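Okay, so here's just one chain, in structure tokens, the form predicted on its own.
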Amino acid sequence: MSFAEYGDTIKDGDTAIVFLGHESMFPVKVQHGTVTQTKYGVIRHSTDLIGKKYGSKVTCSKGGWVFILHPTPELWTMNLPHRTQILYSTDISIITMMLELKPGSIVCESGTGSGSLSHAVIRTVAPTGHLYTVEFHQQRAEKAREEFREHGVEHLVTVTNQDVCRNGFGVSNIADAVFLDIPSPWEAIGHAKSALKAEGGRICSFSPCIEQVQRTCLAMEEYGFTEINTLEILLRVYNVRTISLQIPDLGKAAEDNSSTGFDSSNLSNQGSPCSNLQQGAVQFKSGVPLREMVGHTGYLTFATKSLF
């Protein structure tokens, strides 16, 4: 099993996702002789998981069932243990696109944090690219190395425990892209420029406060970066549901319609959205936004290293 390559069969030592529903899932490390408790009963790894295909429907001891899914960066983002605040798929998707990442890209990242973005970057640059990620906190750096090893991607990533603002990324003139998610990104812009390849490259900085963005943009200008722009991603989800509206009383006009041979009862036989007519009301599908939505997460500032 690898987060960068799909494996068909569940093996001992794999990380799998136990899917109980869209709002209920969790990761589990598959180990021979181990059991996992769910609200539907026990899952026995030796008999219920190992050797089965990913995507299998597994019946638990109480008769309920779950699906066992192959891990992906998107599923890991939803289920990972939080050591820090993380980036979610909404921001990650625009970051990978705007940094122009592709298989073979070399990427520098700071800080590693909980590894949400790291897993997505690794999947994008595999099989020939590489991620150099820097984490200031020693315990978080060690935990990240352990997770990358368990997830079968340790050959695609190098984790360094140091202060990127003082010591940089440990590489020079090789990176296609640099990503910064640190409290003072303006202090690391010079090191980011040194890490980027000589013929140019892209940089992205994630900051929750606009004051951080302002100082970062000034530093980017000072170091000769061009095409500096800042954006914010806001996700608004709609629910599709059936609503019922009263048919208005149009008086004489409605009577005129009836005299022309119009029969509203035929609507129910035409497969139209106005089916399921009730007395004096009509039902149809409508998209309604949620009462609450995910608001501000952070500002994304992108820039390009100047060739001159």
Partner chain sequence: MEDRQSLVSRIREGDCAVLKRDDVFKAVPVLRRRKIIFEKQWFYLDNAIGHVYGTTFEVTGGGNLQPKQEAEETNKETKEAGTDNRNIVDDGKSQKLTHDDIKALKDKGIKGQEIVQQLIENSTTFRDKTEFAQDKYIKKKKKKYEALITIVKPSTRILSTMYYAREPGKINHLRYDTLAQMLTLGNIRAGNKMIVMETCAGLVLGAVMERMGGYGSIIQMYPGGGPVRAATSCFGFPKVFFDNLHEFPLSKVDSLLSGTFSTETLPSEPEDNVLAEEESNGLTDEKQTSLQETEEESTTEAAMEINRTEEQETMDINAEGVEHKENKEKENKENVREKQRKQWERRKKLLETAALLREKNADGLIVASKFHPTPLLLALLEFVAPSRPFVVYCQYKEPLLECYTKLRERGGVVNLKLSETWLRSYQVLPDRSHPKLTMSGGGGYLLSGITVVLDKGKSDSSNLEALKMEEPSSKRCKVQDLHC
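Between two forms, the rigid core is the largest collection of C-alphas that superpose within 1.5 Å. These figures come from a predicted structure and were not determined experimentally. Positions refer to the first chain, counted from 1.
Not on display, but discussed next: the form predicted together with its partner chain.
Chemist: Tell me which stretch of 155 to 163, 179 to 187, 110 to 118, 67 to 75 has a heavy atom within 4.5 angstroms of its partner chain in the predicted bound form.
Modeler: Answer to the contact question: 67 to 75.
Chemist: Using heavy atoms only and a 4.5 Å cut-off, decide whether all three of R123, P127 and L218 touch its partner chain in the predicted bound form.
Modeler: The answer is yes: all three residues contact the partner (heavy atom, 4.5 Å cut-off).
Chemist: Select from the listed residues G55, G280, G33, G51 the one whose heavy atoms reach within 4.5 Å of its partner chain in the predicted bound form.
Modeler: Of G55, G280, G33, G51, the residue with a heavy atom within 4.5 Å of its partner chain in the predicted bound form is G55.
Chemist: Evaluate C209 for contact with its partner chain in the predicted bound form, applying a 4.5 angstroms cut-off between non-hydrogen atoms, and reply yes or no.
Modeler: It does not: once its partner chain is placed as it appears in the predicted bound form, C209 has no heavy atom within 4.5 Å of it.
Chemist: Quick one: is V240 in contact with its partner chain in the predicted bound form, heavy atoms, 4.5 Å cut-off?
Modeler: It does: once its partner chain is placed as it appears in the predicted bound form, V240 has a heavy atom within 4.5 Å of it.
Chemist: Given that the partner is absent here, does R145 sit within 4.5 Å of its partner chain in the predicted bound form, heavy atoms only?
Modeler: It does not: once its partner chain is placed as it appears in the predicted bound form, R145 has no heavy atom within 4.5 Å of it.
Chemist: Answer yes if any heavy atom of N229 is within 4.5 Å of a heavy atom of its partner chain in the predicted bound form; otherwise answer no.
Modeler: Taking the distances in the predicted bound form, the answer for N229 is yes, it comes within 4.5 Å of its partner chain.
Chemist: Taking its partner chain as it sits in the predicted bound form, which residues of 84 to 106 have a non-hydrogen atom within 4.5 Å of it? Please list them.
Modeler: S89, T90, S93, I94, T96, M97, M98, E100, L101, K102, P103 sit within 4.5 Å of the partner.
Chemist: Once you overlay the rigid core, does the Cα of K285 travel 2 Å or further between this form and the one not shown?
Modeler: Shift of 2 Å or more: yes.
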